[in-house]
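To begin, one chain is listed below as structure tokens, in the form predicted on its own.
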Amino acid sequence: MDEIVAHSRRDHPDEACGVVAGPEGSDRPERFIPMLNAARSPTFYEFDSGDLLRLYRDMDSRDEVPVVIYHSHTATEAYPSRTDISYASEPDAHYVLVSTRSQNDEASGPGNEAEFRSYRIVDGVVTEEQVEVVETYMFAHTGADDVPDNA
């Protein structure tokens, strides 16, 4: 959770995006993979097609699947937009959204809590799930410092 929030804050005012992979069939998030938002937009995210192809090949070679697909909203609540819902193509994934809209408020300091919510999105139906942070699910790769700078 901390790595996802850190990535979201770092990419603000653009939306951040990425994946947390885990062993196929386990629903266990193990490997944090921050991605670059190819759209470089505060209102839309898009995985670079080449990066996405490399990611899926890498996950295949490791017998992994995307357990979590995450992105941030920079000006709205952490709830899937119509576009997010229409692009949700992994029925077994948890779709995590982080709202960094508090960073738009000049009075907000770095200690502000980010809104962090998780959903299942299957056939256009959005179901919110409770988020539970479990210490044993420490990521094998804490890539928050490895996210390319949005220049």
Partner chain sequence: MATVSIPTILRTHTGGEKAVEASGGTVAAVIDDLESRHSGIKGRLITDGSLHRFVNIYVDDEDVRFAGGLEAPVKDTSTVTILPAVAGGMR
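Being a predicted model, the structure only gives us computed values, none of them experimental. Positions refer to the first chain, counted from 1.
Keep in mind the form predicted in complex with the partner chain is missing from the figure; the text below concerns it.
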Checklist entry - Among 119, 47, 32, 116, which has any heavy atom within 4.5 Å of the partner chain in the model of the complex? => result 47
Item to check | Heavy atom of each of 53, 69 and 89 within 4.5 Å of the partner chain in the model of the complex | outcome: yes
Item to check | residue 43: touches the partner chain in the model of the complex, heavy atom cutoff 4.5 angstroms | outcome: yes
Checklist entry - Does the partner chain come within 4.5 Å of any heavy atom of residue 26 in the model of the complex? => result no
Next on the checklist: Taking the partner chain as it sits in the model of the complex, is residue 61 near enough to touch it, meaning that at least one heavy atom pair lies within 4.5 angstroms?
Outcome noted: no
